[in-house]
Every structure is written in structure tokens, then in C-alpha cells.
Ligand code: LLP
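Only one chain comes next, encoded as C-alpha cells, the form predicted on its own.
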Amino acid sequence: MSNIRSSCTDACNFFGKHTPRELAERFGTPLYVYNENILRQRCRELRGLSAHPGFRVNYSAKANTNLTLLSIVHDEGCVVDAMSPGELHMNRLAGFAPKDILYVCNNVSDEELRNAIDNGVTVSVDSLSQIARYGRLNPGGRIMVRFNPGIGAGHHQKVITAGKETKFGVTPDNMDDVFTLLREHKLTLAGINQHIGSLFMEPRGYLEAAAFLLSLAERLPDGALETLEIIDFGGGFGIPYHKYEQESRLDMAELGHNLHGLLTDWSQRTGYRGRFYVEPGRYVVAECGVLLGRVHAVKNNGENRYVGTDLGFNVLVRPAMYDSFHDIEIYREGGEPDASTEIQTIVGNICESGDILAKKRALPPIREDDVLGVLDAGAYGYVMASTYNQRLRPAEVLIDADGDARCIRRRETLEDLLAGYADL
């Protein structure tokens, strides 16, 4: 497809039998578009990291809980985690059996823990108080504990989930207290897990954290290694968001080679026969999603050129919340590739000065009525959308394996805004 700026989606035939402008006309904007083939490819890359018989890819559903996408992930042989009753409900609807769902929670109520227990899923908690709470609710049960390895990684402080400056996990120096509580409530330690953060692009830190968790497993008291069923290394697998700058991908071959060797050698040495989980979310779904929006205004304030769109941070909050970068494509009726650029700031339609999608980017000149494509929007996109300013959440469309488009979630209506009111 010849267009102003579209070489990334052109290279993978992202939109199948359609053009992005056709999809924007047919389904409206803003619009999340997902590509089934890319989603399946990412699942298979992850499953191929290790041939160890206990190795599993545990999809972190918080990245994207669209029921159709969850069903594809299930079809590809992954297991799944849940972090709320809503995610657990969606996972069950997508076909995941309780044995294939890991409930990874923090700071939750008795009611929420009871719901997970009643659903028969394995529960991971991340504090001493939550171990005690679980034990009171389900004495004699099985539980996982999340440990903090002291190693953090991520592109922003808000996504680093290990180390001293995070709320997550039990530090290893509390190990005696952990086992005191387990004995008090007659709980079996069924697994241990960790998560160092999000968007790592080099394998080394992840492998070091994995080795730490295996070392911790060997040091567990009371012969607990013999009862372990799951060792979950967490996730954070990064993807290259700067595609037009040819950013390198995470070296999956290197990661897989070293991870497989680590798991195989350690299992042979210790006699462990349980499962090993990796917990990617972003890597599974980010690149299978593009967010389409339309340009409604272009103006200059002093020397600054602003491109006004319908892509407010109610639709995609990552740039406003994390200063996240997403590459932008430009689709125009009769458009041709344009090598000339100027500095432009792309903003949304929310009444906030922080409603910025892309700040001071060197892009081909954008015009009113252009359709923009926000790349790598499949992870933490729709799931973090809101109705702030009472703007409606967008529709979601799947480009299936044959290149056909179908709506997999309708656009919200004004009536949906009233659905929760008790006296209407």
C-alpha cells in the first residue's frame, strides 16, 4: 500500500485485505485493530524458548483481555494469569481450565480470595499478611508466594516491579516468617514467583533474576522444594517501539538458548519435576495491535505545530502516564510516501494539557482528515481506556488469518454511560 508513512504495516500486511482508511470509514475512529497472524506468531516464538517438558508460557492477561484474543492465546497452548475477579471471569470464558490459571494478586479482600479459591485456581500472594489472610480462609490449602529478588528492570519507574522502591513481593529475609505462617495454617507451598519489571530488551537481567529464583528454591526450608509445582520467573519481555529507527528486537534466540540450558541443568541437578513459567503480556499482544484515529485540526501556537486528533488519553493512556513512545503512521487518500518532515506534536480531544500522544516528532506534514496509525498499541491500550470527559470507548476489530476484518467489540454508545445508574 502506497501511503505517506506506512512501511511498517505494509511490510507485514497488517491490515490484510483492507486499507486503514477503509477500516476507519467502515468502523469509525478511534479504532483498535488487531492482526491474528502476528498474535499467533508471538505466542509460538515464546513457546519455542524452551523444549523443557515443564516449560509454559503464562500470558499476563492484564495486557489485553479482549475475549477473542484470549481465546486465540488459549488455542496457541499458553496458560494464563489473572489479577482480579474480572480477569478470572474472562479467562474462564475464553476456555482456560482452572489448572491453567494462576491468580497473581496483591492487597486483596477476603471476598476476592474466596472467589479465587472457589474457582479452584492456584493463588499467588505477595505479603505476609496476605499469606495469613489466605490461610484463615483456606486452611490446609495450596499457595504460591511472590518474592522480591531485589533486581528491577523497566523503561519507567512506574513499571519496575522488584527492588527496594516497589510495593511487590516478600523479601527473602522474611523467609522464616513465611514458613511460620505456612505451618500455622497447614498450607502447602505450591510455587514461588517473581517479576522484575516491564519492557526489558536485554536477556541478561532476566536470566540473572531467574537464576536467583532457582537459588532461592534450593534454599527453601522444610523440604519445600519437593512440594513445588510451579516456579514462575515473571515477565517484562520488551518489544521495539522505535520501529522507524530500526530499534533492535529482544534476542529471543539468545534468551531461549540460555533459559533452556538453565532450566535443564537445574532440573537434572535438583530432581525438580514441576513446571517453569515465563509471564509475558506485552510481548504477546503489543505488536498485533494498531490504533487508528482521525485528524480534525492542525494549528500553530507560536513555533509549535499541533495536530489535533480523536485519540485522547482516554483511548490510549500510556504516553500520558509513562511518557511512552509509539511510532506513528500517516494514511491519506491518494497519499504518496513523503520524505520531508517537520516537528509536530500530536494531541487528543481531552480537556487536559497533558493529553499528548506524540511530542515534537519529526514527521511528514500531517493534514486534516488524515488517518493516523499508532503502532504497537495491542498491550495496555484498550484495557486501560476510560470514559473520562464522558467520551466513549472505541470498537475493536480483528484482521483474521485470511485477511478479513470483523468487529470483536462494538463501540460504546451514550446508553452505555448510563448502564450503572440505579435509578434510571
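Computed from a predicted structure; not experimentally measured. From 1 onward, residues are counted along the sequence shown.
Another form exists, predicted together with this ligand; not displayed. Remarks below refer to it.
Colleague: Taking this ligand as it sits in the predicted bound form, is residue 384 near enough to touch it, meaning that at least one heavy atom pair lies within 4.5 angstroms?
Modeller: So residue 384 counts as contacting this ligand.
Colleague: In the predicted bound form, does residue 87 have a heavy atom within 4.5 Å of this ligand?
Modeller: So residue 87 does not count as contacting this ligand.
Colleague: With a 4.5 Å heavy atom cut-off, would you call residue 116 a contact of this ligand in the predicted bound form?
Modeller: Contact check for residue 116: no, nothing within 4.5 Å of this ligand in the predicted bound form.
Colleague: Please determine whether residue 277 contacts this ligand in the predicted bound form, using a 4.5 Å cut-off between heavy atoms.
Modeller: The answer is no: residue 277 has no heavy atom within 4.5 Å of this ligand.
Colleague: Using a 4.5 Å heavy atom cut-off, indicate which stretch of 90 to 98, 298 to 306, 262 to 270, 198 to 206 touches this ligand in the predicted bound form.
Modeller: Contact criterion met by 198 to 206 only.
Colleague: Exactly one residue in 185, 318, 243, 332 has a non-hydrogen atom within 4.5 Å of this ligand in the predicted bound form; which is it?
Modeller: Contact check passes for 318.
Colleague: Pick from 313, 237, 103, 147: which has a non-hydrogen atom within 4.5 Å of this ligand in the predicted bound form?
Modeller: Contact with this ligand in the predicted bound form is made by 237 alone.
Colleague: Looking at this ligand in the predicted bound form, do all three of 15, 325 and 376 come within 4.5 Å of it through at least one heavy atom?
Modeller: No, none of 15, 325 and 376 comes within 4.5 Å of this ligand in the predicted bound form.
Colleague: Enumerate the residues of 58 to 82 that have a non-hydrogen atom within 4.5 Å of this ligand in the predicted bound form, in sequence order, or give none.
Modeller: The stretch touches the partner through 60, 62, 81.
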